[in-house]
Ligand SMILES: NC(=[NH2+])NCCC[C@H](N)C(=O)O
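The chain below stands alone, shown as structure tokens; this is the form predicted alone.
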Amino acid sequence: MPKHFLMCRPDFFTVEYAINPWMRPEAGADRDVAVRQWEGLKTAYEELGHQVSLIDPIAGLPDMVFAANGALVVGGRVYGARFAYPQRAAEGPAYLRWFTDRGYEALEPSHVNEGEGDFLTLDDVILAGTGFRTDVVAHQEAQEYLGRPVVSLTLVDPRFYHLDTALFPIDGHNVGYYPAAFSPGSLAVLRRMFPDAVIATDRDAEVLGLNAVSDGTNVVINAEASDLHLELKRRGYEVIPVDLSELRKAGGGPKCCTLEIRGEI
């Protein structure tokens, strides 16, 4: 089934501060390369038949390209983002405005959360990360607003600071994840909920291979995540590799660049 994605062209992308372990301002980043790689991701979605809408980038917000962090959209209702770091604070209102200008029902959050960075939606449940960026009370706020069960998972490795760096929904009922990113109790929950999950190797996780986007048939995934490629193909999925190595310098991958709009108004 075709999906609807919101993306933001990285016209102002740079690495000028460090708010996660991937970011090294002294090493910099090449904006032109980032734009070319982002365009390749957008083209991949369109060639798969998905709809891509765009939000205008804003000067001074280099991480706005990571659209997934901007909101959570379920059933046509928008739960807005409230960013943990001041460097990204203006992104939340910008994304919320994009939706309200188009008539979506939206909630400005009371608690710190970073949208689909820490909320991943399956058919019957929303998995929600906490530990680095999103307050666990935001999980409760999202559940009340969206009327969907929310399961809290605690992240423990700062390299995997958002849930979408350590786990991705393969379809509406199953996921892939990296066990070492989670607390013992959260890992036990994942094992109970998803006994047939795809388990990522250290090598896959370290190239943000789990920051992937699946439509249930095709998986758009970082090109370097070779073990995940093989396992997904073995299970019958079509693997669509993309190169987002420049955006990875800020800790981002395919999913980070992609906010799914579920349920049209």
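In this text, residue numbers run from 1 along the sequence as written. In this text, all values refer to a predicted model and were calculated from it rather than measured experimentally.
Only in words, not in the display: the form predicted together with the ligand, which the text now covers.
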query: Pocket accessibility after superposing the ligand in the model of the complex (3+ atoms within 2.4 Å of backbone/C-beta); finding: open
query: Non-hydrogen atom within 4.5 Å of the ligand in the model of the complex for each of Asn20, Tyr161 and Cys256; finding: yes
query: Partner-proximal stretch of 161-169, 94-102, 139-147, 184-192 relative to the ligand in the model of the complex, 4.5 angstroms, heavy atom; finding: 161-169
query: In the model of the complex, Gly117 touching the ligand (heavy atom, 4.5 Å); finding: yes
query: Exercise: Gly252 in contact with the ligand in the model of the complex, heavy atom 4.5 Å; finding: yes
query: Partner contact for Arg133 in the model of the complex: the ligand, 4.5 angstroms, heavy atom; finding: yes
query: Ile221, heavy atom within 4.5 angstroms of the ligand in the model of the complex; finding: no
query: Residues within stretch 50-71 having a non-hydrogen atom within 4.5 Å of the ligand in the model of the complex; finding: Asp63, Phe66, Ala68, Asn69
